[in-house]
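This document starts with one chain, in the form predicted on its own, laid out as structure tokens.
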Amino acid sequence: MTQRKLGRGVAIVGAGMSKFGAFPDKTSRDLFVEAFKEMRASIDKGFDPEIIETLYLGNYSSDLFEKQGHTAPIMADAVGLTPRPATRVEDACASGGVALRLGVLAVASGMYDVVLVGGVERMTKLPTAEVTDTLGSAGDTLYETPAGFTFPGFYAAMATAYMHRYGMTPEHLMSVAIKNHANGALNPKAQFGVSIPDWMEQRVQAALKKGKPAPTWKSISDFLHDDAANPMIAYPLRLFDCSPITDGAACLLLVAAERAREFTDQPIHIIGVGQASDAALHYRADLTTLRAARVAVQDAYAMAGVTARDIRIAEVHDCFTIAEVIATEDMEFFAPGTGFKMAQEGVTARDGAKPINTSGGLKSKGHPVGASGVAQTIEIWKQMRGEAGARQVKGDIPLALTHNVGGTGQTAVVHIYERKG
């Protein structure tokens, strides 16, 4: 493996995101403006947006979701950045993460000193069936779509393969959902900012308010096994195993490391990047791991000069609960076939040995696909600066990681972050 190095240091000095959720009265440019304004306000020493030199925008399919193409210059115009170059990046659900990688490379190369990286998607304008079709276009439409595969079906295939090999049960996946909703309940930007016990109580109160009998769940397990409350989507994945349809936007300001102190006394440095690709799911011999993720993380670790043991926290791509399990193994946090036990045993909880998805993850925070990779980085930024509020991980966080996946793993991109003294 060729060991790659960045030409010069790159730092994050500002970060902001819109609320994630369903917003029928907002367009993607409205959401992007919200994220940009919060990013601008986050810069401790202030700055003039006129110094931004270029924009890289993650966006999967505004063409289909909103019937709007040529998205990057429209977003640039919405925040007053024309005539600067603006480039849209499309790599399915990894669009935001790949936009970030391109922004890092643009700064590291010396081409630019100040780069805006953004991500945006407005998905809820379409009915669910059309959203499913749009997302399905990230699979192989020649072979997989005609066979009836949707994305829940793809990840259900991964889950059943994993269950067969390692003995995982659906209850282990439920533990991932419980953990991520507990984290999301502490995130004011999350689409589902509610824990599963609180969700259950809301359902009880709603039934009583309507004069209907209250559900008789005695435990979280009863609720998650209730086919009415948590229906099966594609075995073994139920509704609470699946990330939602989401509108949202996120922004980061990257600068050359030598200039970071002009903007903040707490920059977060990006010290490792890796990206890889793979064939469509039906070509793969092993459905229990993503080869692209394993290659990407090895490149990122080598560039950063660290190992999985050094990473304190991580945001990984949990579009489905099985995706988090596989990701934690692909990142080498846990040995193959052991990741499924970690949420159940509390290892990946906020107060565990390896906190995963403290934001609530895609599962609870929401998954506006073009923005998700950028939003993952915003959580890392907040955690490393001690600004995550009620969900703040205790203790020092010198190193962190994000893992963003496109499609069924045809694209994977990994970033490693360092807080320097």
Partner chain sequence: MTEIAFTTAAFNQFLAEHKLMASRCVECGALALPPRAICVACHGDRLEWVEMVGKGKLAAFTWIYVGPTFMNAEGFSRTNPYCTGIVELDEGVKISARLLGVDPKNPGAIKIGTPMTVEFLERGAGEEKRTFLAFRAE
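Numbering follows the first chain given and starts at 1. It should be emphasised that the depicted structure is a prediction, and the values quoted were computed from it without experimental measurement.
Only in words, not in the display: the form predicted in complex with its partner chain, which the text now covers.
Shown alone here, H164 lies within 4.5 Å of its partner chain in the predicted bound form, counting heavy atoms only. Taking the partner from the other structure, its partner chain in the predicted bound form has no heavy atom within 4.5 Å of any heavy atom of P188. By the criterion of a heavy atom within 4.5 Å, G305 is excluded from the residues contacting its partner chain in the predicted bound form. Contact between A157 and its partner chain in the predicted bound form is found at the 4.5 Å heavy atom cutoff. Heavy atoms within 4.5 Å of its partner chain in the predicted bound form map, among the stretches 172-180, 225-233, 108-116, 82-90, onto 225-233 alone. Of the residues M342, L281, C319, I74, just one reaches its partner chain in the predicted bound form with a heavy atom at 4.5 Å or closer; this is L281.
Proximity to its partner chain in the predicted bound form, defined as a heavy atom within 4.5 Å, holds among Q266, T124, S277, T145 only for T145.
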